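Here you get one chain, nothing else, as structure tokens; it is the form predicted on its own.
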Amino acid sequence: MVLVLTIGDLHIPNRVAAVPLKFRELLVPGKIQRVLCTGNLCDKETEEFLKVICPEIQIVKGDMDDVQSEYPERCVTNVGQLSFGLCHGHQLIPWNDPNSLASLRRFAWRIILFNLAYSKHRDMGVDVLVVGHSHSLKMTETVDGGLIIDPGTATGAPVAYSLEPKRPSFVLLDVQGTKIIAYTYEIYGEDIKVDRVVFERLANTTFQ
């Protein structure tokens, strides 16, 4: 069993002041083995906060992160028997489109990225894609047995084109072999809503 925190789009301090206290009380050191962050932290202190939760962390660059940051645009990592791809998501055309996300998980980057610098014959070829940018929590199983996870915004930060706050959220994954038990956390007013979803027999597939 490996506990993986998927989190992102914090936008501190540009759009919100801090991670909600209710989440900070839950996200304590010593419980989580991996952190996958979809980017848009926007300050070094937020990165340090995540590293305190768990030093085993992967962070990708969001569209609002410092262009000089050392975060990669995307990365691939393994957790147990499953491979995970991590990307902020603003690079997709159109962004947040289900077909584009499915292609990102399955096919070559050159098909879907607008930046020619990444027009390489390179597949993500992963079982699970973790992506952000929408600020809305969503999990989707693909027809070929994969999984796409958007943990939403951990701070409730609004998207760029709207001043309306979003619902703060993150997703905690319990990875057991090729099975994932996903726990979604969302703040509704004064309460935290936790849902549990089981994804059995995810594809552990090698793509050609």
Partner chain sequence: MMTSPLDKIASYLCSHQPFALQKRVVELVHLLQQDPNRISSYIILYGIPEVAGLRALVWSCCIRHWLAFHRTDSYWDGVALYCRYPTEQLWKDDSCSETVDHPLNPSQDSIWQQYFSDQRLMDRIRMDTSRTHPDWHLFRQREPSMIRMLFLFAKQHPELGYIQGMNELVAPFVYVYLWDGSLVWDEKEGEAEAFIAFDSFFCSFVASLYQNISYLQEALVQAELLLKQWDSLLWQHLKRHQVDWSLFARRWLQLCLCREFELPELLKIWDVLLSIPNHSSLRWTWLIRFIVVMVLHCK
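Since the structure is predicted, the reported quantities are computational estimates derived from the model, not experimental observations. Positions refer to the first chain, counted from 1.
Same protein, other form: the form predicted together with its partner chain, not shown, and the subject of what follows.
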{"item": "Triple contact flag 3, 27 and 196 to its partner chain in the predicted bound form, non-hydrogen atom at 4.5 angstroms", "value": "yes"}
{"item": "Its partner chain: the contacting residue among 44, 179, 167, 51 in the predicted bound form [heavy atom, 4.5 Å]", "value": "179"}
{"item": "Candidate from 64, 32, 148, 159 lying within 4.5 Å of its partner chain in the predicted bound form - any heavy atom", "value": "32"}
{"item": "Exercise: residue 144 in contact with its partner chain in the predicted bound form, heavy atom 4.5 Å", "value": "no"}
{"item": "Residue 172: touches its partner chain in the predicted bound form, heavy atom cutoff 4.5 angstroms", "value": "yes"}
{"item": "Contact segment among 148 to 156, 179 to 187, 36 to 44, 56 to 64, judged by heavy atoms lying within 4.5 Å of its partner chain in the predicted bound form", "value": "179 to 187"}
